[in-house]
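As a starting point, one isolated chain is supplied in structure tokens, in the form predicted alone.
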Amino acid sequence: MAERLSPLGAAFRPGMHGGPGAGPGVRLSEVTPPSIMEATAWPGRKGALAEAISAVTGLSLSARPNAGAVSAEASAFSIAPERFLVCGGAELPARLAAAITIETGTVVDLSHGRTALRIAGPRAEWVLSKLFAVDVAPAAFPVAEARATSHHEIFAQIQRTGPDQFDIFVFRSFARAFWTMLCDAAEEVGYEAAG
């Protein structure tokens, strides 16, 4: 498989930016999972789909709304009543295709159509609250869960992947514009852009 080029281009400027000088409030990076897949269940089959994804990824995934699961190797979260976004290694597409039967649902590779950006650090919630009308406090948005929202015209799917870490999935064609907005929003608290 050919290596994908980052859609951030010249907008990615590594290093420390903004902030009061006491260290970065957040770290921004592009997450490069080899595979980003969308798995869709036929009506009434979301439980079976969640089980198939769990078997392939090793994640403990349920069919409830906003359900998600995270490990060092993979992540998955509910993006609609019968759908999950699943991220993992290069073998994920073939393994999911084999595990999800025609009676359960379908799988589509979105790896070349989505970009995952990560914001991590003690001020991550603060920065995200400037961009999205979503309650990102841990009580309302626990680790592994996800939310679908938008910032102006840019649709985003956000998964909390750690106590102070979020992965934001955007359409690849909007990645550079969203990255620039994210950097602008983080400048107040200081950010490190890292590869």
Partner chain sequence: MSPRRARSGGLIDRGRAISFTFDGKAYTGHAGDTLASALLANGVTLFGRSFKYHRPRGVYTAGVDEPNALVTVLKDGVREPNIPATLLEIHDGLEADSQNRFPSLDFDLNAVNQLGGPLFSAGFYYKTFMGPVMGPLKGTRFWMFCEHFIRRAAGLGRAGYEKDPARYERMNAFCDVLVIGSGPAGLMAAEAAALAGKRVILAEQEPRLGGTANWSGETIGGVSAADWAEAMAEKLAAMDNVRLLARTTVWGYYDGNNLAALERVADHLATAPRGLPRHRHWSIRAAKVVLATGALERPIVFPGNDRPGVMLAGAAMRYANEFGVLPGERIAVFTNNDSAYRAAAALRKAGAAIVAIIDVRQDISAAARKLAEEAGVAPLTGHAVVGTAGKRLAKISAQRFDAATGRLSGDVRPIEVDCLAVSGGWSPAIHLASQAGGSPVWDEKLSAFLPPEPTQDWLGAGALTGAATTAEALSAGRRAGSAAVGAEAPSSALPEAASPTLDPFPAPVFEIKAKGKAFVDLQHDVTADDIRLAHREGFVSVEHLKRYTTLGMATDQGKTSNVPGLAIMAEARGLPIDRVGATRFRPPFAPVSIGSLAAETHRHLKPDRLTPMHDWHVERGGRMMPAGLWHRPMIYGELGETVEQAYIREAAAVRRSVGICDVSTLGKIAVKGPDAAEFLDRVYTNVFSTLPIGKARYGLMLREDGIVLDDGTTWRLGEHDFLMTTTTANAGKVMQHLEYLLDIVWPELRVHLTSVTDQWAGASVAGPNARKVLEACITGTGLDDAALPFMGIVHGAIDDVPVMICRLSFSGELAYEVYCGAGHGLHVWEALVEAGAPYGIVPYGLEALGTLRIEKGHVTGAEMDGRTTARDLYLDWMLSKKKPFVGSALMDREGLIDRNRIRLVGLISLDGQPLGGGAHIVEKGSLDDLGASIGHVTAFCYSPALQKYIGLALVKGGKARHGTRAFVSDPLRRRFGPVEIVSHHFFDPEGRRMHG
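Residue numbers count along the first chain shown, from 1. This one's a predicted model, so the numbers in the text were calculated from it and none came from an experiment.
If you look for the form predicted together with the partner chain, you will not find it shown, but the lines that follow are about it.
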Checklist outcome for this item: Answer among 24-32, 128-136, 51-59, 159-167 for heavy atoms within 4.5 Å of the partner chain in the model of the complex: the stretch 128-136
Checklist entry - Is there a heavy atom of residue 154 lying 4.5 Å or less from a heavy atom of the partner chain in the model of the complex? => result yes
Next on the checklist: If we define contact as a non-hydrogen atom of the residue within 4.5 angstroms of the partner, is residue 72 a contact of the partner chain in the model of the complex?
Outcome noted: no
Next on the checklist: With a cut-off of 4.5 Å between heavy atoms, is residue 110 one of the residues that contacts the partner chain in the model of the complex?
Outcome noted: yes
Checklist entry - So, in the model of the complex, is residue 171 in contact with the partner chain at a 4.5 angstroms heavy atom limit? => result yes
Checklist entry - Are there residues in 62-98 with a heavy atom within 4.5 Å of the partner chain in the model of the complex, and which are they, in order? => result 83
